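Taking the form predicted alone, here's one chain by itself in structure tokens.
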Amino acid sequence: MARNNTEVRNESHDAIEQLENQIERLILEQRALNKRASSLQRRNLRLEELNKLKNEFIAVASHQLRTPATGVKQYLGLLLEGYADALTPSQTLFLEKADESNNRQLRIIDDLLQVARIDSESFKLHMSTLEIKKIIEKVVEDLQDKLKSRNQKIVYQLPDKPIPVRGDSERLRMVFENLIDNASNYSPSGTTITIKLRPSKNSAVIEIKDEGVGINRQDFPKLFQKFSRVPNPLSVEVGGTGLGLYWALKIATLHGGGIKVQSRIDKGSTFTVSLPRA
């Protein structure tokens, strides 16, 4: 049976009314989303401002702390080297302990300053073409006294041909110094640290393998976080700020590379650094 005009008009009116209601709901939802987005944007700006203030505070505080700590170190050195009156054995022992504590304080301050610099917007790398093999050998040379005191040895697996990279020599030196020093700190006396350098298609790959306490796989994400320290049998003895791996990864990333880790408890760890070849 044919539908009359009144029925058609009523259906059209209902359809239009439904469409208007949908449009109104969409407008309200859009306004709510805009309001939330604006609130999130304000929060993000506030967090960025707070983060910037935090970095500035760390930089200023660390700098102000370093000046008197350096002065203390100088005076302790003068006393221990005999520039004042003769010291009794007990006085020498106390001064040596004070000097050791002062050195730890300076290392913590230096770590804080380094992170503040790396996190700042003004941080820049001074790039040049480098031979990575020479940087690693220089780091190991500087750590020889420590390695000997711990009866540890370095085994190299280095290519005959150089593998040039583009990088900041001082910053990269700090990366390898941190990784090799960690390999020593978290390994028992009498163990071996193996350093392997090899080329890949577009990168220089450096592996630093130790025979230390190892790391739980579930703790891997914590390794490169700021102020994060993974507990292990040697962590209390070693101490530290939990900043070294953070800025090591940051420097490697700024070079266009990265750091990966493989480890098993009581089986040692391997940290692998990749850097773009020149």
Partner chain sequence: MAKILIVEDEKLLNEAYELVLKRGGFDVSVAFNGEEALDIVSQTKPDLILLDLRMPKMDGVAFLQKLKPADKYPDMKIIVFSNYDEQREIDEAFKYGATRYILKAWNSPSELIKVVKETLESDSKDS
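Residue numbers count along the first chain shown, from 1. All values derive from a computational prediction rather than experimental measurement.
Note that the form predicted together with its partner chain isn't included here; everything after this is about it.
K.L.:
Residues 181, 184 and 214 are flagged as a possible site; in the model of the complex, is every one of them within 4.5 Å of its partner chain by some non-hydrogen atom?
P.N.:
No: none of 181, 184 and 214 comes within 4.5 Å of its partner chain in the model of the complex.
K.L.:
Counting non-hydrogen atoms within 4.5 angstroms of its partner chain in the model of the complex, say which of 44, 64, 253, 34 makes the cut.
P.N.:
None of the other options qualify; the answer is 64.
K.L.:
Only one of 83, 123, 94, 156 gets a heavy atom within 4.5 Å of its partner chain in the model of the complex. Which one?
P.N.:
Contact with its partner chain in the model of the complex is made by 83 alone.
K.L.:
Given that the partner is absent here, does residue 103 sit within 4.5 Å of its partner chain in the model of the complex, heavy atoms only?
P.N.:
Judged by the heavy-atom cut-off of 4.5 Å, residue 103 is in contact with its partner chain in the model of the complex.
K.L.:
Hey, in the model of the complex, does residue 110 get a heavy atom within 4.5 angstroms of its partner chain?
P.N.:
Yes, residue 110 is a contact residue.
K.L.:
Taking heavy atoms and a 4.5 Å cut-off, does residue 78 contact its partner chain in the model of the complex?
P.N.:
Yes, residue 78 is a contact residue.
K.L.:
Taking heavy atoms and a 4.5 Å cut-off, does residue 74 contact its partner chain in the model of the complex?
P.N.:
Answer yes; at least one heavy atom of residue 74 falls within 4.5 Å of its partner chain in the model of the complex.
K.L.:
Out of 66-74, 205-213, 243-251, 25-33, where are the residues with a heavy atom within 4.5 Å of its partner chain in the model of the complex?
P.N.:
Of the options, only 66-74 has residues within 4.5 Å of the partner.
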